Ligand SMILES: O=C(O)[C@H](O)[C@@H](O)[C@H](O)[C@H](O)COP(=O)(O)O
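Here we start with a single chain on its own, the form predicted alone, put down as structure tokens.
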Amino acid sequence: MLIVELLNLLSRMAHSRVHKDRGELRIHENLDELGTDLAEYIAELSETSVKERGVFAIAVSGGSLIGLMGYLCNFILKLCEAPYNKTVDWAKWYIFWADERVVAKTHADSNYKLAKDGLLSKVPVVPSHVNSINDSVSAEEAADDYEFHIRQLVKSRTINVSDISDCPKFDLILLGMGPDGHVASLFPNHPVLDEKAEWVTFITDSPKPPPERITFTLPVINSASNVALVVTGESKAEAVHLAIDDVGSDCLSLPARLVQPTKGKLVWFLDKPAASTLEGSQFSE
């Protein structure tokens, strides 16, 4: 068993490198390998955070990431089993949404519903630690309400605070990315990319339905201790290339490229199709 685990570790290491500006790149042969690595990554961060702070504050985005979670669920559920159940203390997890569609929690488009049905109902999280938006008000009011709620948890240090700004410092923000390079509900060329004062903002003109959403702003995302971008599929290969490789100034406003943790760590979890156009022949076989 030890030899098998060592070979698996060496296999993952062979597909991992650190980009000088864009964080750690972990390229996986398939979704099974990606799921195992992602589960272990989350388990390690959870254990470290609980030991250091007594809690683990994690924010997840919706859309493609939540859809992928349906497949990855079996791997994340392994955190409830040995040996992870000795290190992952679900009772200390506080879960947030990096973006949410302003629809009822029972609506098929609700990120909360998708996450609850696919994962949260299957793990022993404390229900009161699952922090969803107020779905009975307008998008603007929902954003204001969510930011107020997060501010209260920053005051109590359930969520840490950045030591270089007043922004919340989540232990982990887990993001997906769209083929257009959007992350959370931060879309290319949208004015909210320039939002600096608010922690949570809203949009009513999402290019993808539903149009009304709330989203973390870039200062909050970039204040996190750890940010992970999980991207799979050949349809996103070009966006991955533009978000990671040195392509000049033309793509500096791509939302995924603007994810640059100020003092935290950035890790990309990619499958080979998503990494197929990255510079470096070992990733474009």
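Keep in mind that this is a model prediction, so the values were computed, not measured. When you see a residue number, it is the position in the sequence shown, counting from 1.
Beyond what is shown, the protein has a form predicted together with this ligand; the following relates to that form.
Ligand-free form, site status blocked: this ligand, modelled in by superimposing site C-alphas onto its pose in the model of the complex, brings 3 or more atoms within 2.4 Å of backbone or C-beta atoms. In the model of the complex, at least one heavy atom of Gly176 sits within 4.5 Å of a heavy atom of this ligand. Although the partner is absent here, Val102 is not a contact residue: none of its heavy atoms lies within 4.5 angstroms of this ligand in the model of the complex. Put simply, Val183 is close to this ligand in the model of the complex: some heavy atom of it is within 4.5 Å.
Residue contact check for Asn111: one or more of its heavy atoms lie within 4.5 Å of this ligand in the model of the complex. Remark: of stretches 22-30, 238-246, 59-67, 39-47, the one touching this ligand in the model of the complex is 59-67 (heavy atom within 4.5 Å).
Residues are counted as partner-facing when one of their heavy atoms sits within 4.5 Å of this ligand in the model of the complex; in 203-238 these are Lys208, Arg213, Lys236, in sequence order.
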